[in-house]
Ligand SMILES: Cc1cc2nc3c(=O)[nH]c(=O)nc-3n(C[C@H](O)[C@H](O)[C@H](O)COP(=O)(O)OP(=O)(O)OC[C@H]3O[C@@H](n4cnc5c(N)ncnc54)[C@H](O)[C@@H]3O)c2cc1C
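Taking the form predicted on its own, here's one chain by itself in structure tokens.
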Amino acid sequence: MPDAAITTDCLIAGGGPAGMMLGVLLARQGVKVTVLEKHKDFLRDFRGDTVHPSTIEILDQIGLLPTFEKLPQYKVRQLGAHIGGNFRKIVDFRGLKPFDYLSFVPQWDFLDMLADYGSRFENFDLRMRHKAEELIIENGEVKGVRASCPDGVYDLRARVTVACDGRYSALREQAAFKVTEFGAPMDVLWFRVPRQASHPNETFGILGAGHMMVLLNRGDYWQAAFLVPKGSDEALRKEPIGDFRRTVESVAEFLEDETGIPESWDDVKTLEVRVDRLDKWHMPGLLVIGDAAHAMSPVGGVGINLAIQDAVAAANKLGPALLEDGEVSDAILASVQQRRLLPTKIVQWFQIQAQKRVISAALAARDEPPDLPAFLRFLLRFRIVRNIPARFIGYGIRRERVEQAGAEKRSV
């Protein structure tokens, strides 16, 4: 049984990208930090694996880029879509600085890398199979969490608690934060299909007549995202898997040779798409960031990278305060939301527009697949135009920098 009275400076609930990045950034400043992750490892398939230039830039700033480069990954410099029977180049990272690509990296490898880095610091405490069950609230202020683990239940008290426990955050629900829901017209079915040498080499989307699909090139297999109308998953799963396979093959004809994959509905995972945002991300003693503060649409694959930008901003604000003896004021917590709210609003607005104008149109029943307007097809012939969505997706708005030197540098 864990000790009854454990304390830490910063308690982070959730060992996803936001939680792990915040944990290592604070630890390298000299802050005592504890990260609770409810699973025994990070090995879960069909998670966001897109690492954008903004995140690669952060890794470079803290000296992790050489380690990151050694991870298994697939670098992409252009993104396009088969629309109206033609392939259109839409996003082009070439020429962007300092990094002109995005990488598809298994998220478990990415998180393992951060965990290994955090283990260098004595003040970094990562606890796997430890779940933050509920907030400890005293006189309207969060003082930590009650956590469960294989050995039992214990209280973990902290000067500040940061909820990074995802879009279904139990902690944000207990804090009774108001959530604004923006809705989404689709859910996503994830599955794998073997990739053959004869298959296309790109990562791309396909807009068909009433269907939309995204194929991520993962080397020896495709990670496929098949978009379906919101709430239709249950009805689809009552139909034979062969019907779904034939639909997939009709959208991506080169997959006809992969008959029998997926073999059953057990091989198909459902991502319930949500787009929402907390009106307020904090209360005394508690800060909420990442998906727990703002669930993102999969449009653009920006979720991980926006969460990591939140983590950097939080570390820049919380670190100096936690290195002092006083309490972390609510004003400091509020400053994190003030810093990150505008980028979140802008990205979500563009995602919602894409959902309404592109995805809804693609999923609507029609005889012919949609196509881009002629003037847009003309503009996309120029790389400088394709660089615009690449910069927005890859680097975002108000990108963060790691402001605090590591403890090992400060001591020199």
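Just count from 1 along the sequence shown to find any residue number. Because the structure is a prediction, the values reported are computed rather than measured.
Absent from the display: the form predicted in complex with this ligand. The rest refers to it.
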Verify the contact flag for A18: yes if a non-hydrogen atom of it lies within 4.5 Å of a non-hydrogen atom of this ligand in the predicted complex, no if not. yes
Does this ligand come within 4.5 Å of any heavy atom of T161 in the predicted complex? no
Does this ligand get within 4.5 angstroms of any non-hydrogen atom of E256 in the predicted complex? no
Is T50 part of the interface with this ligand in the predicted complex - any heavy atom within 4.5 Å? yes
Looking in the predicted complex, is this ligand within 4.5 Å of a heavy atom from each of G14, D291 and G301? yes
Heavy atoms, 4.5 Å, this ligand in the predicted complex: which of 381 to 389, 339 to 347, 61 to 69, 31 to 39 makes the cut? Say which one. 31 to 39
Consider the chain as shown here, without its partner, and state which of R167, R277, R195, H211 has a heavy atom within 4.5 Å of this ligand in the predicted complex. R167
Heavy atom within 4.5 Å of this ligand in the predicted complex - the one residue of K143, H282, K317, H130 that qualifies: H130
For a quick check, can you give me the residues of 307 to 331 that have a heavy atom within 4.5 Å of this ligand in the predicted complex? A307
